[in-house]
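Have a look below at one chain only, the form predicted on its own, in structure tokens format.
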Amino acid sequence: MIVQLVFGGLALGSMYALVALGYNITYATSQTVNFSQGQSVMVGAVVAYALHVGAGWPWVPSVVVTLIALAALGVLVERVAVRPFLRASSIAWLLATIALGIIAENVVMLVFGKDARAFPSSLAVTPWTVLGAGVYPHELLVPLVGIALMVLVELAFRRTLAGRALRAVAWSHDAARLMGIDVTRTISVAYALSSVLAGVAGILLAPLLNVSATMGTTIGLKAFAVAIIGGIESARGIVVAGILYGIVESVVAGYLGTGVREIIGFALVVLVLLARPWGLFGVPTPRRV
């Protein structure tokens, strides 16, 4: 049983880390957080379901169109709910992103319905026997894809021109402008990338959790918890924290129940904030006295 729980936790944890990485990207570039990130997870799953299952599109075109839609959603969130308030040096973007998430959730509920729907996957039908435990191939695929994507994002930040522009904006807006970088456009790209990562998580989790209008709310909260635990400015810390969080959550749910899982999971956030407000892998900001 423990082996099965660990594999399940690894799949969930890698997706928490993928969504939390979106928080890291937007925070690093603009010092803002997209609190509708959980709804991006839901939109990714719903749009992929509508195209692949509802309209009968092949898998690859369905995923490509879904990710394009998620990138557009990220740009919309940045322009409508973040940019006006960021220019005014107001923290109203916090409530604005939450409001957009609630709007998106209710629109999908009206169009898609309230009931959860199964997302068929040939990799989630017959379990494999791994170390004596039954594990669906999809549970093995999810962490592999998630970790591969996180590695690709890290490499893109270090090896591509766009990635270097994002890192420059994260370091200093003024210095980036002096180097000819369009800071506003770069922040918009960061939000698009953040939304795409959340959408990928939604597509991968859909066969395991089913598709519903409310599926992203808890995932978004847990991903933010992972970002806090790992250190929202530390991408590598977020990856480690996400995987560990998922495994701990799965093991606790398996042995103690789902209600205890939520208690322990969010209690970890409180304990980490008490001990290290900047996160386990974060660096404290120096203060001038």
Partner chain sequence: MLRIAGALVLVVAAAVPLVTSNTYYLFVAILIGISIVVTTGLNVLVGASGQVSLGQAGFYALGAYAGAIVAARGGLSFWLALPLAAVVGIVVGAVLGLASLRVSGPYLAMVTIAFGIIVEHGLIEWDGLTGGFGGIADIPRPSLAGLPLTLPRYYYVVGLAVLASLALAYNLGRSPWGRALRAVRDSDIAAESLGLSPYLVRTVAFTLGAAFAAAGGCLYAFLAGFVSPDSFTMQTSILFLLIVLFGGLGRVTGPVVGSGVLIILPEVLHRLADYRLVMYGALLLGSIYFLPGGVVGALVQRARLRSPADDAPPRAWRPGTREAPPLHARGLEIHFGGIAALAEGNLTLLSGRVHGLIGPNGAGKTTLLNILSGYYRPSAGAVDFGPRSLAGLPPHRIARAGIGRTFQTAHLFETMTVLENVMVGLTGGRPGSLAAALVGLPAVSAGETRLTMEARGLLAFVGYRGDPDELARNLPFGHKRLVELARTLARRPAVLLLDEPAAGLSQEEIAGLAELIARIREAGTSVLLVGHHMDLVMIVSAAITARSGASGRRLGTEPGDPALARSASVVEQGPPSPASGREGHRDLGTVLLDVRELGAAYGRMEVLHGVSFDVRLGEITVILGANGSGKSTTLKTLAGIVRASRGSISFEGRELVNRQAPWTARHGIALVPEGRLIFQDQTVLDNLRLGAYARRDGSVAEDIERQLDRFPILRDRQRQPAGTLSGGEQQMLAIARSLMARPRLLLLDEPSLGLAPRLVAEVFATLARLREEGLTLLVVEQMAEAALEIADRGYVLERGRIVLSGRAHDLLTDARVARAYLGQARSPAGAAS
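What you are looking at is a predicted structure, and each value in this text was computed from that prediction instead of being measured. The term rigid core refers to the maximal set of C-alpha atoms that superpose within 1.5 Å between the two forms. Residue numbers count along the first chain shown, from 1.
Same protein, other form: the form predicted together with the partner chain, not shown, and the subject of what follows.
**Q** Under a 4.5 Å heavy atom criterion, is Ala50 part of the interface with the partner chain in the model of the complex?
**A** Ala50: no, not in contact with the partner chain in the model of the complex.
**Q** Asp182 near the partner chain in the model of the complex, any heavy atom under 4.5 Å?
**A** Yes.
**Q** Determine whether any heavy atom of Leu155 comes within 4.5 Å of a heavy atom of the partner chain in the model of the complex, and answer yes or no.
**A** It does not: once the partner chain is placed as it appears in the model of the complex, Leu155 has no heavy atom within 4.5 Å of it.
**Q** Indicate whether the partner chain has at least one heavy atom within 4.5 Å of a heavy atom of Trp57 in the model of the complex.
**A** No.
**Q** For a quick test of understanding: in the model of the complex, does each of Phe35, Ala225 and Ile228 have a heavy atom within 4.5 Å of the partner chain?
**A** Checked in the model of the complex: all three residues contact the partner chain.
**Q** Heavy atom within 4.5 Å of the partner chain in the model of the complex: which of Val75, Leu140, Ala92, Ile147 fits that? Just give me the one.
**A** By the 4.5 Å criterion, the partner-contacting residue is Ala92.
**Q** Looking at 147-155, 171-179, 67-75, 195-203, which one sits within 4.5 Å of the partner chain in the model of the complex if you count heavy atoms only?
**A** Answer to the contact question: 171-179.
**Q** Just give me the residues of 248-275, first to last, that have a heavy atom within 4.5 Å of the partner chain in the model of the complex.
**A** Contacting residues: Gly259, Val260, Glu262, Ile263, Phe266, Ala267, Val269, Val270, Leu273, Leu274.
**Q** Does the C-alpha of Ala55 move 2 Å or more between this form and the one not shown once the rigid core is lined up?
**A** After core superposition, the displacement of the Ala55 C-alpha between this form and the one not shown stays below 2 Å, so no.
**Q** Examine Leu256 after superposing the rigid core and state whether its CA is displaced by 2 Å or more between this form and the one not shown.
**A** Leu256 C-alpha, core-superposed: shift of 2 Å or more.
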